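Next up: just one chain, as structure tokens, the form predicted on its own.
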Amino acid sequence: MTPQAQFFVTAPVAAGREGELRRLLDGMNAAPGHARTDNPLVPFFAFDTIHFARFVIVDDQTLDDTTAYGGPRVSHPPALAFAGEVDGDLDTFFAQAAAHAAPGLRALFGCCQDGPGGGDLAAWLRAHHVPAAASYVNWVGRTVRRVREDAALFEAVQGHLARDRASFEGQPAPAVHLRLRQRVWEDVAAGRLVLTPDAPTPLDWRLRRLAHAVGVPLLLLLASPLLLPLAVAGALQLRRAEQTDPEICPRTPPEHVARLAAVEDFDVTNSFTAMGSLKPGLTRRWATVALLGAIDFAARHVFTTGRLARVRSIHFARWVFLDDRTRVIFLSNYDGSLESYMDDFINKVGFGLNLSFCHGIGYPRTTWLIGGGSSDERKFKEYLRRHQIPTQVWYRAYPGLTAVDLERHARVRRGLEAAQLGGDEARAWVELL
């Protein structure tokens, strides 16, 4: 199994260069916000390990909200972020990026302060990478190659059924499975299909994963005599604060909605980027660190095969701290419209939305961090839309395929790799077709 990694490379845009940068980014697109795979700056077709990637100008339009607690307005210059999800480790990817897209990446980040210049580009990318505070992978170990092979296999099976449907009708499910399996392996033998075995799981990744799964709970247990009183005191302090926290959920300006809508719904999958400032105070900051740490632990060790709690529409997601943990940016790749995406979470895991975002300035008031908040649907949706920022360039390796499609295709392949299936198992497999 080849595990996935996520990268987030960022640098502040140099004064006076933002217009040039936006023109460069626009030139990478086939449609607003959607990359040409053969664009001259970062030719995504040359990479066979990138699931999703994006370039986004991180320009927070809600910085005025930082005055809500009586302090001065906090200012941050716009920054360019290059983010994505890849198979394998980041060092390998950064080396590939330097090999396949050096001129383009130098041109783009050349519009930033402290750009890479003519130096070691892979080293510069590593130095400007910001790790996620929490991240989610829909199906750990499912590579771009596997997704594409599974999709081609599913299409081949559908083709066999369509061409000879009459002979399959009325046949028991185990017989249908065996006949289709025989035809698929004939396709493989003839070179019409390629089914590559999974690579061995890297030992160091297994060891790190095991150490994290065991070490984090053990450390929390050992530190519990100190952490429990602090947690109780912090919870009481947060409860007092959340009763009077200002809510900033006005109607989203139509022009902002129009900018966002211009890059959405070109395909069954969309990108989402949102950011905001954290409420002031160390208690808020460390509560956010702890809550995102808990989300990250669950995503690493519990929700690893197709579902984040009861939500199946997310391919990848991550939260990244910026500016000494005073701001957070959230990025995801999800299926369906934004409205259905928000409704899915509100209806299924509203408490999770509250835990994830309640420490952002202006978030709808919560009760003990779990209740309230997103349950006020109008306020929550306005808050989220207002904090969303447009993604200038977005690439996906398998357009037209939802996360549910990927799971379905993988189940079909697993069934065909089995020498035979029993009655109930075979019937469930045939129903996938």
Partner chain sequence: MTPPAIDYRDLQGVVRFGYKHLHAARYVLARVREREAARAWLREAPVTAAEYSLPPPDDALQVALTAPGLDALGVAAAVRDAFSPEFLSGMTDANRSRRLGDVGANDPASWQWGGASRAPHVLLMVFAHRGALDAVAARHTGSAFSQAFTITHTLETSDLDGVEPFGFADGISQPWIDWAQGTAPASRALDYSNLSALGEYVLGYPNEYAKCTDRPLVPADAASALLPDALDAPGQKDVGRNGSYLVFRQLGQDVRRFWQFVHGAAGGDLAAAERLAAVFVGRTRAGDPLVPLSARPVPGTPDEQAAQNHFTFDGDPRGVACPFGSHIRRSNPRNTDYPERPAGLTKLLAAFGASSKGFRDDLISAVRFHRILRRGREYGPPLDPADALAPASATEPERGLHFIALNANIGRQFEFLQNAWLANTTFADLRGETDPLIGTREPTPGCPASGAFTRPRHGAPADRVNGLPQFVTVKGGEYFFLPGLRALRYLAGGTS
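Residue numbers count along the first chain shown, from 1. From a predicted model like this one, the values you see are computed outputs, not experimental measurements.
The next section is about a form of this same protein that is not shown, the form predicted together with its partner chain.
4.5 Å heavy atom contact with its partner chain in the model of the complex for all of Q158, S375 and G400: Result yes, every residue of the spot touches its partner chain.
- prompt: Which residue, V232, L218, A175, A262, has a heavy atom that falls within 4.5 Å of its partner chain in the model of the complex?
  reply: Of the listed residues, the single hit is A262.
query: Looking at Q182, T196, N347, S167, which has any heavy atom no more than 4.5 Å from its partner chain in the model of the complex?
result: Filtering the options by heavy-atom distance leaves N347.
Interface membership of K381, its partner chain in the model of the complex, 4.5 Å heavy atom rule: Yes.
- prompt: How about R411: is it within 4.5 Å of its partner chain in the model of the complex, going by heavy atoms?
  reply: Contact check for R411: yes, within 4.5 Å of its partner chain in the model of the complex.
message: Taking its partner chain as it sits in the model of the complex, is A30 near enough to touch it, meaning that at least one heavy atom pair lies within 4.5 angstroms?
response: Residue-level check for A30: no, no contact with its partner chain.
message: With the partner left out here, check for me: in the model of the complex, does some heavy atom of F154 sit within 4.5 Å of its partner chain?
response: Yes, F154 lies within 4.5 Å of its partner chain in the model of the complex.
Listed range touching its partner chain, judged in the model of the complex by heavy atoms within 4.5 Å, from 332-340, 287-295, 100-108, 117-125: Selected range: 332-340.
- prompt: Since the partner is left out here, which residues of 413-433 would have a heavy atom within 4.5 Å of its partner chain in the model of the complex?
  reply: Heavy-atom contacts within 4.5 Å come from R427, V430, E431, L432, L433.
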